[in-house]
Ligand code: HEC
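Only one chain is given next, in structure tokens, and it is the form predicted alone.
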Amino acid sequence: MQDTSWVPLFPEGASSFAWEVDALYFYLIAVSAFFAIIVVAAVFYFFIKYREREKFATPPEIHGSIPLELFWSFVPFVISMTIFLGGAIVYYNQYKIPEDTMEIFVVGKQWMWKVQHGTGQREINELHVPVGRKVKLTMTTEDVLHDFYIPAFRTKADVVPGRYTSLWFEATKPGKYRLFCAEYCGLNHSGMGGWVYVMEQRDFDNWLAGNLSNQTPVQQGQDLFTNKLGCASCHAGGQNQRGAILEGIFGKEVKLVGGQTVIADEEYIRNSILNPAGQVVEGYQPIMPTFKGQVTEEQLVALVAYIKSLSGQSGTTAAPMTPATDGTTAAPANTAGAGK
């Protein structure tokens, strides 16, 4: 793994795939510089060699060359394919999220980043993570489009209203790294930044222990599901069951009315809460009400986390979790609705 901190104007590389991004970037620079030098040198060479020596001279006729034609067709093809393959490999490594990740939830809002860990700890414009640990960020926004960008990790992703987006990284060096919003989001866009603190595992554990929260996202979601929103009255099974049972549903294929099938992921759960009539599960009636405007984004994330936990998906910082952020939340009723 190469360190590019010595390169002027380059941020320090501090993630497991930062060197891959830098290697591809340097390759593009090298290819561009190589051909720029050749073109400029050729311009000056032909300018001097074929300068005018006499008025109205008739130059000799030039015939084509098959080898030359093949050469300047083959070489650019090879170079373009290496660029394509290099970019595809880097893209795949960055956006293929591993399964053994620690999940953290992020909500963007004009003009701040709200972060919640699986154990309940909350941060604003700061993110604490352990070194050498794969971290997945599940992100959404309360208002406009934002973009979560950590230059030292060479990773960024749009944070889009009304849906979840994800990115992952594995920090390789303890330290303090800048966090930016890379999408113009309003008047104070330039101030929407923060810091990522990469800590040794022991220090991170101590930080977690010193920042205890009253409830984890799963516990918040359970309270909303069973008490405040009354989702359990339809989805908990038994004599009064009118919606699909949610235990074990996450990650499974769900058959909807009309024959369509979908995978019950975070996006499905969210949509089922906010627009239950749009995803009615086969065998159930479209009787679930919408919770749009009744729950915040943070509550919605907590509901998703709880429903995931019913399928054995952990909601702690030691394992993948669901979006527990701030913003417009919808109740598991959506998932419920999807099941109705």
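It should be emphasised that the depicted structure is a prediction, and the values quoted were computed from it without experimental measurement. Counting begins at 1, following the sequence as shown.
The same protein has a further form, the form predicted in complex with heme C (HEC), not shown here; the description that follows concerns it.
- Contact with heme C (HEC) in the model of the complex, judged as any non-hydrogen atom within 4.5 angstroms, is confined among 42 to 50, 25 to 33, 58 to 66, 288 to 296 to 288 to 296.
- Shown alone here, Ile97 lies farther than 4.5 Å from heme C (HEC) in the model of the complex, counting heavy atoms only.
- Heme C (HEC) in the model of the complex is not approached by Gly118, whose heavy atoms all lie more than 4.5 angstroms from it.
- Within 4.5 Å of some heavy atom of heme C (HEC) in the model of the complex lies at least one heavy atom of Ala244.
- In the model of the complex, heme C (HEC) lies farther than 4.5 Å from every heavy atom of Gly87.
- Taken together, Phe148, Arg154 and Cys185 are entirely out of contact with heme C (HEC) in the model of the complex: none brings a heavy atom within 4.5 Å.
- Of the residues Cys181, Val218, Leu137, Cys231, just one reaches heme C (HEC) in the model of the complex with a heavy atom at 4.5 Å or closer; this is Cys231.
- Shown without its partner, the chain has Val254, Tyr268, Ile269, Ser272, Ile273, Pro276 in segment 254 to 278 as residues with a non-hydrogen atom within 4.5 angstroms of heme C (HEC) in the model of the complex.
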